[in-house]
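Next comes just one chain, in C-alpha cells: the form predicted on its own.
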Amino acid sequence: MVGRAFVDHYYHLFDNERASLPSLYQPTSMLTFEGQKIVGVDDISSKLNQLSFDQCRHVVSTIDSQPSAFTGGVVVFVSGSLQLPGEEHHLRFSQMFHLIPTPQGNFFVQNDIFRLNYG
C-alpha cells in the first residue's frame, strides 16, 4: 500500500511539478541515474530539473514492494514506460526506491536507482 501510494505521488510530481521532487529527499539521499551517482538533495534536484526534457508522462506497468531491514522502511521496484512529447515510441524504464519513515509519519527516499531498459 505504501509502495503504490508513493509511486503514484512521485510520478505525479515528476510529470507535473518536477520542482517539488526535492521535498521527497534528504541530505543523505542517493540517486543513481543511468549509472551516474548523485548524493544529497541539492545535487539530486539539479539533476532531475536539468534533464533534457521538460515534459513527460510515466506509465507504470508493475510495482513490487518489500519491507526493508530498516524498521518501517520499504523497498519499491517499478517498471513502466516513459512517453516524451514528439516521440512515437515509449522508453521502457525500471526504478527502485528505498523509502525510510520520518518521525512525522511520512517517508523519504534514501536510495533511488533509475535505468532505461534498452533492447
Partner chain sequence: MDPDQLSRAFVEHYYSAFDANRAGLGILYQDESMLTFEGQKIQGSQNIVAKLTSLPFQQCQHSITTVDCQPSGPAGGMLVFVSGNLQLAGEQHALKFSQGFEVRSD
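Everything numeric in this text was worked out from a predicted model, so none of it was measured. Positions refer to the first chain, counted from 1.
There is another form of this protein, the form predicted together with the partner chain, and it is not shown here; the text below is about that form.
The shortest heavy atom separation between Ser45 and the partner chain in the predicted bound form exceeds 4.5 Å. Using a 4.5 angstroms limit between non-hydrogen atoms, His89 is distant from the partner chain in the predicted bound form. When contacts are judged by a 4.5 Å heavy atom cut-off, Ile100 counts as touching the partner chain in the predicted bound form. When the partner chain is considered in the predicted bound form, Pro85 lies well away from it, no heavy atom lying within 4.5 Å. Not one of Tyr25, Gly40 and Asn106 places a heavy atom within 4.5 Å of the partner chain in the predicted bound form. Applying a 4.5 Å heavy atom cutoff to the partner chain in the predicted bound form picks out Thr32, Gly35, Lys37 from 32-59, in order along the sequence.
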